[in-house]
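As a starting point, one isolated chain is supplied in structure tokens, in the form predicted alone.
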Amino acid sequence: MIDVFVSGIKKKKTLRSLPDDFVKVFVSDFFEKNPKIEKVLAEHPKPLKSKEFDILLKEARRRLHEVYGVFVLGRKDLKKLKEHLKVVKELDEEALQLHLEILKLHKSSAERLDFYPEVYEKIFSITGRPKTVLDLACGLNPLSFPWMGLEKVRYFAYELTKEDCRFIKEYFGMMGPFGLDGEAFDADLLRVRKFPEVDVCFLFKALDTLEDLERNYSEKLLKKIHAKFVVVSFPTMSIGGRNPIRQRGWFFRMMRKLGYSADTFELENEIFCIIRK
């Protein structure tokens, strides 16, 4: 029955690229919390036409939009950048502008456009310049490579959907001559058992969502990450930009529990915590 509902939920255009297994976890969790609805749907002759399914669909779209859909601001395309780099074979001003146009298509990177040089300058002044990077729930962040100031780096990127990972893999394939040696993996971070060992891990604007999906998962995730430094960031404003978000006491209590120390800095709409492991 769950497969039937996953298929129905993914008819929504903005949710089609989400992995079936990820949506199944949501549906299973919904049924666990709403056993009466599950019973009615199981007994209904046409469950996809029932009012109970409408309730499930509305809740699924809301939650899955918060997890994934809200961050996608447009269709991504590397064609212009690829053609330009083939001709000029350097990251000139036009190449940087084409990078920026793509970075605008994801909410998190769009909000960071004016601050990327400062972000990496502050991070690497503490961590040193890494030779290996792990980027979890990466979005389009790998395309900020030109502002990292790294001559050569081995880069491991994790994102939820195969579609997004194909895009990142294509980008990595273009950027090899410029010192970016990358791999991209489609994965639900709640299910990954092991990550590559690296110098620095980026975990930008991801922990709030992971905590919403599974409470106290941040502690489990940090323990799994084998990195000298983990750079966590949080938005300081709500998604709509209307309301400030309070300090996350749960995060700093967890840090004390694990015995980790951190340096923090804040930009216009994002706070960064550089954790020393």
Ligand SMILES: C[S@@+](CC[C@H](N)C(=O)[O-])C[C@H]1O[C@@H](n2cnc3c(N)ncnc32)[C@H](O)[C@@H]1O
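Only the largest set of C-alpha atoms that superpose within 1.5 Å between the two forms is called the rigid core. This one's a predicted model, so the numbers in the text were calculated from it and none came from an experiment. Numbers for residues come from their place in the sequence shown, where the first is 1.
Below, we refer to the form predicted together with this ligand, which is not included among the displayed structures.
- A heavy atom within 4.5 Å of this ligand in the predicted complex is found for exactly one of A227, A60, L41, L213: L213.
- Think of it this way: in the predicted complex, this ligand has a heavy atom of just one of L78, L91, L113, L190 within 4.5 Å, and the residue is L190.
- Listed stretches are 122 to 130, 83 to 91, 200 to 208, 170 to 178; the contact stretch with this ligand in the predicted complex is 200 to 208, by a heavy atom cutoff of 4.5 Å.
- When this ligand is considered in the predicted complex, H106 lines it closely, a heavy atom lying within 4.5 Å.
- In the predicted complex, at least one heavy atom of Y68 sits within 4.5 Å of this ligand.
- By the criterion of a heavy atom within 4.5 Å, I102 is excluded from the residues contacting this ligand in the predicted complex.
- In the predicted complex, L143 stays away from this ligand, with no heavy atom inside 4.5 Å.
- Residues of 125 to 163 placing a heavy atom within 4.5 Å of this ligand in the predicted complex, in sequence order: L136, A137, C138, G139, N141, E159, L160.
- Comparing the forms between the shown form and the other one on their rigid core, the Cα displacement of M255 stays under 2 Å.
- Annotation for T264: C-alpha shift under 2 angstroms between the shown form and the other one, rigid core superposed.
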